[in-house]
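The chain below stands alone, shown as structure tokens; this is the form predicted alone.
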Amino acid sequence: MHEMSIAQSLVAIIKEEMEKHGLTRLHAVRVCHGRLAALVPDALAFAFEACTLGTPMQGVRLELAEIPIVLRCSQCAQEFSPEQGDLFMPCPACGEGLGHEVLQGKELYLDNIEAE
């Protein structure tokens, strides 16, 4: 469960940003993750809650936004997004099923914090 280490890193980054900007009260955190980031959103939410329990961050709203997959076909260079849940991703233009370049969908980053 690497979500626990991700949650710990998020808490450390948030603390650092709040200190840097003189903020004392955190309201919400938004994290963006690609479908290929191997992240289980419910596990990250649980880990984040566990990491903030008993701290001033307890009860903060964690928003998770999924970034869709965008691929470039290895044969015809067509950019496309595979259907939800598909593991086999053939190009809709030429049918090629292998070797596509991933243009989007592996991201994982802290997008925004709401604090005062």
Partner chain sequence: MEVPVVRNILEANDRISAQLRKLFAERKVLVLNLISSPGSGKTSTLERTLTDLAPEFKMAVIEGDLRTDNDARRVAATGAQAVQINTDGACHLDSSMVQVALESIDIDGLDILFVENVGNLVCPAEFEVGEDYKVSLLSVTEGDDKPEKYPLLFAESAVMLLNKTDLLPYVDFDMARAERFARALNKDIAVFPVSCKTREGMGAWYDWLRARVREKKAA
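In this text the structure is predicted, and so the values were computed from the model without any measurement. Residue numbers count along the first chain shown, from 1.
Omitted here: the form predicted together with the partner chain. The next part is about that form.
Using a 4.5 angstroms limit between non-hydrogen atoms, M57 is distant from the partner chain in the model of the complex. Shown alone here, E16 lies within 4.5 Å of the partner chain in the model of the complex, counting heavy atoms only.
With a 4.5 Å cutoff on heavy atoms, S9 counts as touching the partner chain in the model of the complex. Taking the partner from the other structure, the partner chain in the model of the complex has a heavy atom within 4.5 Å of a heavy atom of G99. Applying a 4.5 Å heavy atom cutoff to the partner chain in the model of the complex picks out L71, S74, Q75 from 64-80, in order along the sequence.
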